[in-house]
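The chain that follows stands alone, in the form predicted on its own, written as structure tokens.
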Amino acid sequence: MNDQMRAVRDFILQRNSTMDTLSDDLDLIDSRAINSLAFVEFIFLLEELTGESIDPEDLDLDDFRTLTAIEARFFTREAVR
């Protein structure tokens, strides 16, 4: 796991005191691991980690469903623009 994904995982775990582990395929939306109140802050974290702005018009909720999806969308070489 790279430092960026570790920061994402830490962000989610810090906001969910009942969770002590986080699987890569857990649905973060349905499980409420990322709720609507934390979502904006989460977007800011992703922008900070990627060094790029995230246009709300380009957002697809499926990009945030799992840690695997987040890594693929924001942290793979192909995702870096």
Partner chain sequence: MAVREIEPIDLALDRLELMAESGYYNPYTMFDWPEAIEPDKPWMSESLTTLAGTPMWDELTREQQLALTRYEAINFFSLNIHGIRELLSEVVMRIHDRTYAGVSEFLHHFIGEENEHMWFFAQFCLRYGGKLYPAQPSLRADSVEHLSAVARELIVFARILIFEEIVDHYNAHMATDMGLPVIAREINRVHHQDESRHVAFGRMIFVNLLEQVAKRDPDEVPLVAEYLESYLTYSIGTLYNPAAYRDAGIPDALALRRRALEHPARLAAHEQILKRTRKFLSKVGVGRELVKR
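Quantities reported herein were computed from a predicted structural model and do not represent experimental measurements. Numbering follows the first chain given and starts at 1.
From this point on, the text means the form predicted in complex with the partner chain, which you will not see here.
Checklist entry - Leu59 near the partner chain in the predicted bound form, any heavy atom under 4.5 Å? => result Leu59: yes, in contact with the partner chain in the predicted bound form.
Checklist entry - Ser23: heavy atom within 4.5 Å of the partner chain in the predicted bound form? => result Heavy-atom contact with the partner chain at 4.5 Å: absent for Ser23.
Next on the checklist: Going through 7-46, which residues have a heavy atom within 4.5 Å of the partner chain in the predicted bound form? Please give them in sequence order.
Outcome noted: Stretch hits, in order: Ser17, Ile29, Arg32, Ile34, Asn35, Ser36, Leu37, Phe39, Val40, Glu41, Ile43, Phe44.
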